[in-house]
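Here you get one chain, nothing else, as structure tokens; it is the form predicted alone.
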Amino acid sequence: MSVALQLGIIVGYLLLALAIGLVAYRLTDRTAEDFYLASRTLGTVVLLFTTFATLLSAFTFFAGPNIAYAQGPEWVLVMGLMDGIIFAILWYVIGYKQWLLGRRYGYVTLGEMLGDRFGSRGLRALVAGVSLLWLFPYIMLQQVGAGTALEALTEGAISYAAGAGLITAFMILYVVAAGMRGIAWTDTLQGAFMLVTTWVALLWVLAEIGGAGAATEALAASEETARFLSLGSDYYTAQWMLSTAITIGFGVAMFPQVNQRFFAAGSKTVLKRSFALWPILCVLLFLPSFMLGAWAAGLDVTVPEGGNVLPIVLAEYTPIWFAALVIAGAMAAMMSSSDSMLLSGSSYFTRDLCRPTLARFGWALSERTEDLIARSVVVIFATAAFVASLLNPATLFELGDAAFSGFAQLAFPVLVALYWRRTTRTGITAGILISQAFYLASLFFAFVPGSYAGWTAGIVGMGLGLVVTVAVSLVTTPAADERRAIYFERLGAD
């Protein structure tokens, strides 16, 4: 009976999200700009919450609390505080200029924006290829998170594969039907739902165990967890915290599903209000979910190897129906990330790889055909990620960290291109290629170290990309078909 109740709550929530997507489908034009960017009409609340829900994922609800449970609550400072501020600054520095360029020239993807400026189909394809490469493990992360969460909540009644398959099926259904407009609407619902349920969960658990004071005393009573009450440890070194916060913050700005939202704001005012409110929203969500993980270390709960602490704490201290409701919120977080990733992935594939390749052979895609290809790519990409997730190749943190740092390698070459007129096609291409090659080598080859005096390979690769982009641009001349002026002249919000 309890499993039926849990499943009923979770599936009921998924059906509600699907219904919203279907309503949006009726209002969506059959144009690429409406499918990918909701015709650039998003208001402050929807833009803020769709970016918020898009960013939140299995990494937030499971990997984050798991780290706080194992290593202490400083993770709140990394992801909740520093990343909130870093991304808000990048939203202003990168996002505002992207919005101006997108509004003037009609760009839908980052690759289009760079390819047009540097007159290069190759650069456009490179940015799309790199983005699709790192999207894949991050979509897998959501499916792994959903599978493990449902398996833990139902004590194995729903298998890992069935849980991952359930979320994959719902994602495909409403991304294919709804496009950006439906995703933004469901994200708004999901963002608000996550925020409320996470705070209620925290207050409920604290009420059961006697309050925050009792939870903190339980940490202090154990020799193993007493270190949680002071800053710093062998794990949370200053270099590691700064490396992680910077690579996550810059990586988020280059996530296709987040980066495309820079193009979707309805006005300059909407954009500025959204990034000003961003850090507050981050702290409001990360604080309760990560503190639940940290306080759980002092409670009488056991987390099996490879398990997630949050469902176990909820199952221990809250009623079955409420634990299922919070897990539904976490599933919502995973879906709201994955659906946007699938939509962005399809736009990068269709517009930056498929259309230019066909154009080279003299074939032009109609709007209708491009729309059909985009929706087919969603199905293929989601299914491939689901099959890969069944192999369960790495932990949630490892998958998420690899994707964040991989995307972060794009950030400095893009920043330099946006603000330095002297940047050349050869310079930005070399900067992207070398930093990506270095970071991939650090992941897959033992002879390339993963850290340097405590700094991660991700942040070292970012520095390498910056140096190479600037140095190669200084010693090369711009190609004849580069459009150097378009990023600097006649740009304004009117």
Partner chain sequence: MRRLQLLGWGAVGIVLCALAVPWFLWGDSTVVAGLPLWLWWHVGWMGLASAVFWAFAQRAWGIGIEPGREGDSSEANGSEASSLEHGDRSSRPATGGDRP
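Numbering follows the first chain given and starts at 1. Since we're looking at a predicted model, the values are computed, not measured.
There is another form of the same protein, the form predicted in complex with its partner chain; it is not shown, and what comes next is about it.
Trainee: Even though its partner chain is not shown here, does A374 get within 4.5 Å of it in the predicted complex, heavy atoms only?
Mentor: Contact with its partner chain, no.
Trainee: I'd like to know if A169 sits close to its partner chain in the predicted complex, meaning any non-hydrogen atom pair within 4.5 angstroms.
Mentor: A169: no, not in contact with its partner chain in the predicted complex.
Trainee: Can you work out whether T369 and its partner chain are in contact in the predicted complex, taking contact to mean some heavy atom pair no more than 4.5 Å apart?
Mentor: T369: no contact with its partner chain in the predicted complex.
Trainee: Quick one: is K268 in contact with its partner chain in the predicted complex, heavy atoms, 4.5 Å cut-off?
Mentor: The answer is yes: K268 has a heavy atom within 4.5 Å of its partner chain.
Trainee: A388, V205, M241, V130: which sits within 4.5 Å of its partner chain in the predicted complex by any heavy atom?
Mentor: Of the candidates A388, V205, M241, V130, M241 is the one lying within 4.5 Å of its partner chain in the predicted complex.
Trainee: Which residue, P356, P137, P279, G307, is the contact with its partner chain in the predicted complex, using a 4.5 Å heavy atom cutoff?
Mentor: Answer to the contact question: P279.
Trainee: Tell me whether G84, W99 and R483, taken together, all sit within 4.5 Å of its partner chain in the predicted complex, counting heavy atoms only.
Mentor: Yes: G84, W99 and R483 each sit within 4.5 Å of its partner chain in the predicted complex.
Trainee: Looking at 308-316, 228-236, 357-365, 404-412, which one sits within 4.5 Å of its partner chain in the predicted complex if you count heavy atoms only?
Mentor: Looking at the partner contacts, the answer comes out as 228-236.
Trainee: Could you list the residues in 36-52 that come within 4.5 Å of its partner chain in the predicted complex, counting only heavy atoms and keeping sequence order?
Mentor: The stretch 36-52, when checked against its partner chain in the predicted complex, contributes S39, R40 at the 4.5 Å heavy-atom cut-off.
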